[in-house]
Structure formats: C-alpha cells, structure tokens
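Laid out below as structure tokens are two forms of one and the same protein chain, each shown alone and named structure 1 and structure 2.
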Structure 1
Amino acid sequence: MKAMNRRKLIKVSAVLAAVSLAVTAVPAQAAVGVSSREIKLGMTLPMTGTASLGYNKIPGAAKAYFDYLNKNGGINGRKVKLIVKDDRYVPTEAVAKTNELILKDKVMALLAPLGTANVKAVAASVNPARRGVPVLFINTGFSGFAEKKKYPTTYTVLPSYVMEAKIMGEYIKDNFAGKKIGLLYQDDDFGTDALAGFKTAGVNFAVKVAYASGSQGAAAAAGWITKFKAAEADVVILFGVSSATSAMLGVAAQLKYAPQWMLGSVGGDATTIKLTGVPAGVLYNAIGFSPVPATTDMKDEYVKFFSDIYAKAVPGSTFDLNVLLGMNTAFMTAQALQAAGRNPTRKSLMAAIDSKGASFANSALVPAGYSKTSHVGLTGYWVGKYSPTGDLSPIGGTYVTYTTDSGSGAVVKSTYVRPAMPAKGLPN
C-alpha cells in the first residue's frame, strides 16, 4: 500500500514538474496582440460614405510607414500589422468594428479612431479602459478625451478645439482689434469646445450662427451669409467640418461675399474641400491653423521623409495633410512600441507614452503634453494663409507657433525646438 502511494506521489510530482516547466517555457512576449513575430494594431475609420473624403487616406498613410518600418527590422524583430475596419462614421458601426478588433482580431491597441461621437460611443459601449486596451492618438480635438480619470487608456494627439479657439482669439486681438467678428460653429461637442475657448480668450462676436451636424449645404449657407452680412462682420470664423466650409465658401464666391475668412483646422482641410468639388481658389487668402508643417514644405526634413516613403508606397498619389498626419501617427506609435520594451504589453506601452511620449520625435512644430498625469497631445498651432492652389503656408514664410492649454492658461508664442529626425526615420 505504501509502495503504491509512493508510486502515485512520484507520478503526481512528475506531472506537476511538467506543468511547471510548461508555464515557465511560455515566452514573456505572449501578451494580447503580440507574438514572437508580430504586433497587431486596430483602426476604425470611415473608408466609405460621405465622411470618408480625405480621411480614408489615413490608414494607407499609416501602413506606408509601418511597411517601411517592417522592411527595416520592425520593432525588435516584430512586424507591425495594422488591421483596418470601415465604420462609415456611424457610432454603432464603430462600436461593432471595435469589438471585432478587440475580441476577434485580438489587437494589442486601437489606433487613431476618427470622430468625437464615435470615440464616445466606443468608450461607453466597448469600454476599452475596463479591458485595459490602449486607444492611441485619437483623431478628434474634443478636449474631454484628455480627462485621464474618465478615459484612462485614451491618448489624444491633436490640439484641442479649446486650444484652437483660444489661439484664434489671440490672433484676432493682435491683428483685428476693433473689427466685427462673426462665428459659424457646429452645435455639438465640437462647437461647445470652441465657444469655451473663445470665451476664455475674451472674443466678443457681432454674430454667432450655429448649425446642426448634417444640415450644412448650399441652401443653409445662403442663410448664414445673410446673417453675417446683416451684422456687417469684417472677419468670419468657420469652426465646423469641411463640408460646411465648402458650402459656405462656394456660395459666398457666387454671391461675391468676401470678408476675411478664418478657418478652423477641421473645416480648413483643403484636401477634403477639393474633393467636394469646390475650387481650391475659394480658399485663397483665408487664414488657417495647423500643428504640423505645410505639406508643400519639402525643406522640412519630416515632410520630405514622409512624402518620399508615401510616393514609393502609393505611386502617383498626392501628399496632403491627412497623409502627413497618418504617417506621423504611425511614426509616434513605432517609438511608443520601441520604448515599451523587448516584450511589450498593453501596460508597458501606456507606461512608455506616460514617461517618454513628450520627447518622441514627430513632425509637429509644437510640443506634446504627455506625462504620468496627462494624456494631452499636441498643444498648439502655427498660423498661415491659403495660396491660390489651396495650400496653407506660414504668413511671411516663417512659422510662428502658439501654445496653450484647454483651461485658463495663457496663449504664448512658442520657443519649442523640435527633435531632429532619427537616423533613417526609425525609432531608437
């Protein structure tokens, strides 16, 4: 009996030893979305539908950089795979597609989802924060997403709409003092952020016109113009989406209404405006804002580098703002993955951005605000004017940048010095 018990004990011990060896043999890199050869990231964007114009170039731009990265060794020998799903800019679709990316495709992180409503819907229904899934470098400037307690795994990258409105206000104070100012804004979170920023900046409007998302069009634009004319506005700010800008500038050109236009960064997307069929010439002399260099500035080392890669990846394509932003996002993501360690996890990826994100090299001419207590991305803009071909260029040929926050902080001219492009444009 004792001999039988000893034999059983020996067998049990052997099984336990085998299990122990099997557990210790599991590689440390066996994290969600990470294998010995690959790191999987997921993106939802409107690849089709009315909102797809221009924005559907972002995934291809990101992939172009990741392909370049992979050909040059990837991230510690792992290739970065980007899985893209079409959400058609519909919140319910964004929720469904994001669930697929997390549950079916098992991505390590979500990358650059587009739109305030979509990101909010995903946060409420999918809850990436509860699942510990990083949501990196979202394509919306809504200031609320930088609230770390509410969105602990979400990282913004674009300056907030509050920041933009504050900087616009500073520019108006310096250049249009005493002029009558008009404002067109979208009546949702987008516009609410803008109003908060203008209030902080102390801008007094002769007239404010709100429009509901989806209502913008030629007929609506004619009514807007009537209101701005009645108020005798000298400067009209268009703080809406590009389709609203297209409608406004197109109808204004027909009616020969020509105040000094000032375009928000979203509505001033020349690529999208051109794709709506409105001639680029209607943008001429309008004032615009951007955190990244002019896409025609081939003397800029980042613009030149990204445009060369994109030209090889997508021959005959146009290098524009959406392409630059898409490639810049991929470039920053690569640095975050590299900084996350040889065996990256979701936690180490977020810790890398928290500790090193503010020093990541990227094309922006303004600093980022990442830290252990902040998920704020870029913090400002430079001011430019549109050429007859619809290209935004710095006024006077020199970039003058402004930085601020989404609160009551001052708007200041920036002395930020951008990090030089790493060797071969690869993370180090």
Structure 2
Amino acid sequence: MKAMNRRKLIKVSAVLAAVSLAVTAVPAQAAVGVSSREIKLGMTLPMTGTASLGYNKIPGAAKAYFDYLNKNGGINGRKVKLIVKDDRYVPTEAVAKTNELILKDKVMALLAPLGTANVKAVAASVNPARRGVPVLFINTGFSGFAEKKKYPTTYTVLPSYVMEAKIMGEYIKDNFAGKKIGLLYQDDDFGTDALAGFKTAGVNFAVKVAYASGSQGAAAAAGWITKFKAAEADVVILFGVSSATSAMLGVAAQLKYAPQWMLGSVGGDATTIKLTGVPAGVLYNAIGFSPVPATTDMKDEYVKFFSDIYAKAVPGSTFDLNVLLGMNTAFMTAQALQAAGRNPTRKSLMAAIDSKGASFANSALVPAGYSKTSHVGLTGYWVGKYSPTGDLSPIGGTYVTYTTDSGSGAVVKSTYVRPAMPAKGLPN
C-alpha cells in the first residue's frame, strides 16, 4: 500500500471527524434490527385459540408502553417497534414464526415468548444462541432456561416454578400443617419444576393429579375432582395454565366442591378466569401468589403509572396481571436498550442486562438475579388472598415477600427495596 501523504491524511481525518460528529448527532445503522429510526423486536405467543385467553393481552400491554416511550423520544431517538406473531401455543408453529421474525423481519431480539415447550422448541430448532439473538424476558418459569451455558442468550424474568412451589410449600407448612394436600399439575416440564420445588419444600401430597397439556377441559376437570374428593383433600393446589384453572373452578362451582384453593401464578389471573364464565365468588378466599403488586393497588406508583397508560392505549380493557407483566417487561426492555449504548447491538444489549439488569427499575416487589454469570430473573413472591370480587390482595394488607432460588436454598423473607420509578417512567 502506498504511504498516504500528509495532505490526504488531514483531509481523511477531517472527514472522519465530521462523520464522528454526525454519529453523535443522529443515530446510525448499528446492528441487525436497529436502524437510524427504529429498533425492531419480535414476539411470538398465543393470540388465538383456547390457550390464548389472557396471554393475548401481553402484546397490547407491551405496545402500550412502547408507544408511550416512542412519543417521549424513544431510545436515543429510535422508536421501538414490536412485531407480534401468533403461535397458538403450538411449539412447531412457534418455530416457524420465530424463524420469520429472525430471517424475514430481521428483529434485533425476541421478546417475551410464551410457553416452556415453545421456548424449548425454538431453542432447539431456531437456535437463537447460535445466531446470537437475544431472547429477552421469556414468559415461562421453567427453571432450566436460566442455565446460561445451555441457553446463553436467553433471559428469564418470571420467578421459576421451582421457586414458586418452594414458597407455596413454606406457606403450607406454616398454615396447613396436618391438612391433606392435593395437587393438580401439568404433565410436562412446567409440572416437573413444580414437583421439584414441592419436594424440596418437603410437601407430602395426599393426591397428585397430572393432566397432559391440551387435555384440560370440563370433562377432564370432573375426573380431577373425583380424585381429589376420593383423597379427601383439604387444600387443592392448581399449578396449571389458566384454561386448566378455569375448567377446574368452573366445574367445582357446578358440583359445589369447595376445598381451600391455592392458585399458582400462571393460572391465577382472576380476570382471565372470570372471562371463562367462572363466578368470581368461587375464587373468594383462594390463596394466590404474585411477584408484582396487586393490579388493583393504585397506591403503587408502578401500577398507577402502567394502568394510566394502558387505559389510554386500550380503553375498556381490564388492567390485569397479564397486562401488568407485559408492560413491566416492556419497561425493563427499554432500560436494557438504553443501557446498551447509543448504537445498540445484540451483544451490547445482553451485556447491559448482565451488568445492570439486577438494578433495572420495575414493578416487582422481589429482586432480580441478573449478573454476568446469571440469567435468573425475579426470585420470589408475596402471598395473597382473593376477594369476593376476585381481586388478589396481600394477606393482612401488607406485602410480605419471600425469596429463594431454584435449588436447595432456603425460602426467606425478602429485604429487597424496589427502585423508585424513574422520572416520567422513562429509562434514564
């Protein structure tokens, strides 16, 4: 190569300086899914079909927050665009739709895909890890997804099912000692995690009833009730999806079967349950668990903020647990994008969560476990009871949160202090 003469060098330097100035003034093309004007994210989850009930509000909730963010400057001038595809809760369809998001839509990251089987199918067949595609804040509590070595680009957000079962187990030991406990669980990894958690907690069940995913319905529920009745269960834990909880409670109401219900968070959203025709009264005094504040708690600054935005974005739609979680996820994503630098890349996005994710402001009342060595999201729950109208509120009126891990660690009361809401609910 010929040596560059001094005059040319000066010219080139000047041009480079100008380019550099331009870069700081106007966001430049940085990475896949990132243009000077927008950042594209993709989401697959059930928008139609029997499994969609309740969960199909998550994209609208996330979009409501992103729209708010975009109206307030976006992320360094870029608008966040969320592309949503319906996978109907069919794993093979999730694979096809995720491929579309990555190959055709060229999204920067996948956001909040839902369902253990779906996320596992995508991991095996689409292989986001090999492609370096971040899979942010997945909507499944299967503890295995937090294995960073196996799923290096996947970030959990929900507390794991193991954690939830362990915390439920502690509550049972403290409050239902000597009672006969029954368990309804999904006969897959979702249920396997729950069983592991209950085992760690030392819960002995009088009866365990497994249902295969997709088999839940009124006919199946009648059979379940027969088994719980036969075992004379005093407390029945419903550790399944919303459609299983709804089927069980609906049939129980008809048969006037009323044990002490305990609802897992996945199938415990009252709005969703009531939408299936289950009378709210059936839920009364049932015990529930949540990592985020009660959706009716308008004294909570996050709940108030999110519900106000949602009411304007989707008028007439009930602000429920799925909505709150969807908006919370979008809010955390915005902070991750902001922390990923002026020209974010897939790598810098993941690095931002690794280094700062544990301190992201969000509505959860329990800590998150993100670090350079951990992709564990939230780590606990508070315990509540459902009101006569089906609203979940903390027992005794105060949130008492418990935290634990997905291993053999103890369940302890959390001392976590939640970060205050950033100004205007925008990432700093």
Partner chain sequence: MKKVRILSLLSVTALVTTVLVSVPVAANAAPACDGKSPIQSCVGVTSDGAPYAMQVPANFNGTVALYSHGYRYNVDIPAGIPLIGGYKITNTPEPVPGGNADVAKYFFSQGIAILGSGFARQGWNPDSAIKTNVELIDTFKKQFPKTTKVIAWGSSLGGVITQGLAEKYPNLVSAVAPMCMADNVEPQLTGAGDFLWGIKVLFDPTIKAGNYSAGAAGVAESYADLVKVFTVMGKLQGGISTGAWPDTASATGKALAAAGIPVRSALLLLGLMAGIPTQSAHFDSISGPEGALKLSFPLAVSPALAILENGTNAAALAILATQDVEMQAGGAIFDNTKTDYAARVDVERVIFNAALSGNTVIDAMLGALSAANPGAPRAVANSAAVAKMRALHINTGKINVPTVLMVGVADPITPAGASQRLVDLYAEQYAAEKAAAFKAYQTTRDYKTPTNKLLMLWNTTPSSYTKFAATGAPITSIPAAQGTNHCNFTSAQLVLVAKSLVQASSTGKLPSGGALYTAVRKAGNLSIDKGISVPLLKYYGDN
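On a predicted model such as this, the values are computed, not experimentally measured, just so you know. Residue numbering: sequential along structure 1, first residue numbered 1. Throughout, rigid core stands for the largest set of C-alpha atoms superposing within 1.5 Å between the two forms.
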Where's the form predicted on its own, in 1 or in 2?
1
Taking the rigid core as the superposition reference, indicate whether the CA of E232 shifts 2 angstroms or more between the two structures.
yes
When you overlay the rigid core, is the Cα of V251 off by 2 Å or more between the two structures?
yes
